[in-house]
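We begin with a single chain expressed as structure tokens, specifically the form predicted on its own.
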């Protein structure tokens, strides 16, 4: 078998094994939580017979191994279970919320990935000069601040202070002031519904997109810069310099293509974060995504919902890391052209 096919098959098998292990950990972690699910649903005034009937209905009277394989079998058939709090099908409830989360992550990635690569290339081009120092300082600052703090700061300055500043500018005409307020008004609550147009949806999630971009931009930029600088120390780069090629051409033609593998890895890791790590951002901006859905049902002790959301997040994270591994394998010339 070709080395590339063998490695890809091994990575796929390892990915499936990791998802299986994650499902065990998720089920075990939710099963050993203190307290009684039936008691929390029926309340303190429930009779012992009512509690026993509900436990039997939920399958809580069965051994943990039996309950796990029943749950896993349902998941493999597309049945994520039923929410305990409202009796609704979890897969149906998650379909729209997963779409909202992916919508937010998509637009954040569209902005963050090209911007991070461009800033990384600029930092390499002007290494140890003021553009490199400014970019590194700003990105290091944003990566050091918790994302919820960045969210609250943007809400304060852009949603509260900016409209007040515009209203205080007396030299502006009423028409100009109204136009600025209409176009520079950032909502602190990211609402989303099917009746909104694409432009209205993007405008509604502007602040969450800005927060996610600032959070993931720093890591991707710094890794892009480090990967390209590592390639720049190679002998063939020195040969290109001796030939009289310009620095921009050397970076674009020789350094960047050979640094693709580590850059793709860090991009995929941050894309995984955009999908999995939006829980805090969705709570801050009350965005109707999977993160908000998960937090709402954690507080209600809705175990099936927590298990379903955890498994989806784990699958997405492992899947994107698997894609990064496969891309790294495919971009390795030693594997593509073995001797």
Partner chain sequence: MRIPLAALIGLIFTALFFGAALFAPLIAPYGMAEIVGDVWEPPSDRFPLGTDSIGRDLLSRLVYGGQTTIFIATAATALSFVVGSVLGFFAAVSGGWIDQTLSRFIDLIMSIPTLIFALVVLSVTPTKIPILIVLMGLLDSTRVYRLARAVAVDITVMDYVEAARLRGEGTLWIIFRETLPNALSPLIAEMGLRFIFAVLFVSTLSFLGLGVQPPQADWGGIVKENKEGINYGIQAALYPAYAIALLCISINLVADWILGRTTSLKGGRG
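Since we're looking at a predicted model, the values are computed, not measured. Residue numbers count along the first chain shown, from 1.
One more form of this protein should be noted, the form predicted together with its partner chain, which is absent from this view; the next part is about it.
Interface residue remark: residue 25 is counted as part of the site for its partner chain in the predicted bound form, having a heavy atom within 4.5 Å.
Its partner chain is not shown here, but in the predicted bound form it comes within 4.5 Å of a heavy atom of residue 155. In the predicted bound form, its partner chain sits within 4.5 Å of a heavy atom of residue 29. Shown alone here, residue 13 lies farther than 4.5 Å from its partner chain in the predicted bound form, counting heavy atoms only.
Just one of 141, 168, 95, 230 comes within 4.5 Å of its partner chain in the predicted bound form, counting any heavy atom, and that one is 141. For the candidate set 149, 172, 110, 191, a heavy atom within 4.5 Å of its partner chain in the predicted bound form is found for exactly one residue, namely 149. Each of 18, 21 and 317 places at least one heavy atom within 4.5 Å of its partner chain in the predicted bound form. Annotated contact segment (heavy atom within 4.5 Å of its partner chain in the predicted bound form): 157-165, selected among 157-165, 95-103, 114-122, 76-84. If you take 263-285 and check each residue for a heavy atom within 4.5 Å of its partner chain in the predicted bound form, you get 276, 279, 280, 283, 284, in sequence order.
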